[in-house]
Each structure stands twice: as structure tokens, then as C-alpha cells.
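What follows is one chain in C-alpha cells, specifically the form predicted on its own.
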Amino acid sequence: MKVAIGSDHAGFHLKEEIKAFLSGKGIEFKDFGCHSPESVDYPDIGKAVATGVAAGGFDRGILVCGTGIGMSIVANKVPGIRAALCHDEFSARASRQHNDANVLTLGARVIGPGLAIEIVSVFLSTGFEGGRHARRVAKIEGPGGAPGIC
């Protein structure tokens, strides 16, 4: 498993906690920034992580900002990305099983580090169920990764 990770300034400290968790589990990752709590523009980092995942260089992505909403919007603009904003383990599990989400977004001002680590753990360890869900995901993607019917 190879993970792309990034945050804006609001998510910096939570991202650092997540990186420590990933390191402890032996999960390879690349940090796309930011690298301090100094103000940055989240779209730049969100796009870099999402593009890395969409290009196939990473199995999954994790993005953290204040609410997770901005990063989710940015990531979902990149073709091939299915970013899910999750603030509980149930949503993280369902995002993988039913939607084959490949980017997790988290809100550092919404959840604490303990819950965030549990959500990341579920997101990274849960597989896609396929079956009827595959047909639906294909409708989102469209042929050749082009936008689908949605």
C-alpha cells in the first residue's frame, strides 16, 4: 500500500499524527505538504494528492483541512478520483465497500486524532465489494475515465 497525504495549515497537526500512525504500521507514504502550520491554499495540495492517486502512483490518498469539505471538493474535480469526506468509521467503511473511494478527506476541526486514526485504519484496510456497486461506480466514471452520467 502506497499513500499520498496532504493538508492545509488547519490540518497540519492532524496530518502529522496520521503520518506517525502510517509509519508505525509500515505503510509507505508521500507527504505533499503543507510542512508547517503557516497559511497555504488548500486547492494546490488537494490537487497534487488527487493527481498522484489518479495517475496510479498511489493506492489511496488522505487529505486534511479544517472541515474536510474544501479538500473533498478539490479532489473530486480530478478525473478518476472518488473522494469521501468521513467523520466516522461507518462512513469510511461504506465509502470503500460501496463507492471504491480512493481519497479520504478529514476535518481537523471536526474530529480528534484518535477518531481520525480509526477512520484512516478502516479506510486503508477495507476493500471494494464490487458486484452491484461496480456498476454504479462505472456510471460515475464513464467510459475511459471520462465523466459519467452523474
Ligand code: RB5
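All residue numbers are counted from 1 along the displayed sequence. Because the structure is predicted, anything quoted here is derived from the model rather than measured.
Omitted from view is the form predicted together with ligand RB5, to which the following refers.
Not displayed here, ligand RB5 is approached by Tyr42 to within 4.5 Å at the level of heavy atoms in the model of the complex. By the criterion of a heavy atom within 4.5 Å, Cys65 is counted among the residues contacting ligand RB5 in the model of the complex. The closest heavy atom approach of Ile69 to ligand RB5 in the model of the complex falls within 4.5 Å. Contact check for Lys19: every heavy atom lies farther than 4.5 Å from ligand RB5 in the model of the complex. Contact with ligand RB5 in the model of the complex, defined as a heavy atom within 4.5 Å, holds for exactly one of Lys30, Arg93, His35, Arg109, namely Arg109. Looking at 6-23, the residues that come within 4.5 Å of ligand RB5 in the model of the complex, counting any heavy atom, are Asp8, His9, Ala10.
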